[in-house]
Ligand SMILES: Cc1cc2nc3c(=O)[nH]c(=O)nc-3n(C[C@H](O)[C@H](O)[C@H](O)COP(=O)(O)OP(=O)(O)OC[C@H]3O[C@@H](n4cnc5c(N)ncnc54)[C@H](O)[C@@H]3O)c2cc1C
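Here we start with a single chain on its own, the form predicted on its own, put down as structure tokens.
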Amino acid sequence: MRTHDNAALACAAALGPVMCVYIVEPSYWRSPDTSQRQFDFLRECLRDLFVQLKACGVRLHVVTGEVTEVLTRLQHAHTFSHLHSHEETGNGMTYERDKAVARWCATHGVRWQEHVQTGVVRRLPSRNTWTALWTQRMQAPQLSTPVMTPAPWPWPEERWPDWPSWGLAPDAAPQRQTGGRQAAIQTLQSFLNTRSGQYRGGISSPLSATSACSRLSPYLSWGCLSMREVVQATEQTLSQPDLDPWTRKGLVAFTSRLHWHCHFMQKLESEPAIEMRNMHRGYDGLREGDWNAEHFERLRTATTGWPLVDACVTMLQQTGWLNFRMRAMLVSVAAYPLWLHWKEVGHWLAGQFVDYEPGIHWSQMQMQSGTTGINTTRVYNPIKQAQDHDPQGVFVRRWLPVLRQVPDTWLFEPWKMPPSVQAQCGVVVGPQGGAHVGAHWPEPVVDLPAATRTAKALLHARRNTPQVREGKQAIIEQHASRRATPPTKRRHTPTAVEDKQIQWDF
């Protein structure tokens, strides 16, 4: 979604007349991890890209259809010899589509070249070389925007497809970020110049994270910015001698997160199956047979009864974004007290996130659910998280108006309110779906302490089996970071390297 630092565009322009085509694939948008909010964001990106390409002398053509069918139509109407695109670490559907495109190109004598666009290395032989390759790519010069000669377009221009016409459920996020490179550049500049001073210490709380986080994640996911562009812009800002200490600390931490962004994407690139199955196969069968539809419904409809959880889901429904700690908390709540398998929860959350990046998303779903076999068990208590990161209840009250009159003492555990307090604040706490008078707040979906203890016991029992212990080393070899801790600070032996936690959103 950009003309700057776009290797596919630059190489195509050097060969001769160019057609710039974006194919809207119905099969992709019918996948369980997509949504209208992403579709609407994409449309704004394409409108912006149309303007960018017009300045380069060419027109953007948007076509609806499956990729190989559209390529066949184009080849019949206007023979072409080269196809240029970027490498993509996408979901399973896009992986299968790419293999179909490769077969199509081989059959039709078209040379298809996929260009590098991130720090993800295709066909990486060993994790030992990955960090050096990432650094090399990020330090390479950015590509300038080319001037192009347009190839003749053979058909009348198509209209943008309407989301309802596909029979898909509406799922707009009215308060989401705006798509497009112009918005991306403004967001990058505001972060580097002003907001980065809040980054350290500000990204964990949902109160401060909205401005403290870079908010670049959707623009990186959709390609409005290149990873190299962001890394180099950050390093350039860090080179300023008069930078204030908090901004410098924030940008140093942010640079580390950019590295980890690609590190997690590399996991899915190296093992596409982790979208579909447990990274450590020793955890197969742990949760799969215990799916509880009511628990899942209560989670996704923001009616778990735990205020911070329900406030986070409500914010996500409205904005398509949530900071990393709250995302991790949602997955933890789903995986432990609700005992839900990560795959179904992952599809729901993927559609909620405008910045959905499959490589990061599925690795994180498994890490937070405890099925990687190499990471520390992370169980987030939603009551403690509320007390730590929303102590005055500002965030909870913002997104849950029904609780605005509840006193601070009871805000994070409203089910403990005496009847007299419930009457005073106009909130009745009772079973979900019961008959109530006045504003209703549901009782917790499960007993949090008891359900969490049971879940941890089940997970740790599986973790301690010989089968799981024996399979751990192979996962470390394929997926774990090689950025070793200095010897004086090392807490593990070299064979027990564990990934740091990365936020989904920066």
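Predicted, not measured: the structure shown is a model, and the values here were computed from it. Heads up: residue numbers just count along the shown sequence, starting at 1.
There is another form of this protein, the form predicted together with the ligand, and it is not shown here; the text below is about that form.
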Whether Phe324, Asp355 and Gln364 all lie within 4.5 angstroms of the ligand in the model of the complex by heavy atom:
yes
Residue-level contact is defined here as any heavy atom of the residue lying within 4.5 Å of the ligand in the model of the complex; does Leu258 satisfy this criterion?
yes
Taking heavy atoms and a 4.5 Å cut-off, does Ala334 contact the ligand in the model of the complex?
no
Are any of the heavy atoms in Val396 no more than 4.5 Å from a heavy atom of the ligand in the model of the complex?
no
Consider Arg215 of the chain shown here, and say whether it contacts the ligand in the model of the complex, taking contact as heavy atoms within 4.5 Å.
yes
Out of Gln266, Asn91, Gln368, Ser196, which one falls within 4.5 Å of the ligand in the model of the complex, going by heavy atoms?
Gln368
I need to confirm a contact call. Of Ser221, Thr372, Thr118, Thr304, which residue comes within 4.5 Å of the ligand in the model of the complex, counting heavy atoms only?
Ser221
Only one of 103 to 111, 249 to 257, 276 to 284, 124 to 132 sits within 4.5 Å of the ligand in the model of the complex by heavy atom distance, namely 249 to 257
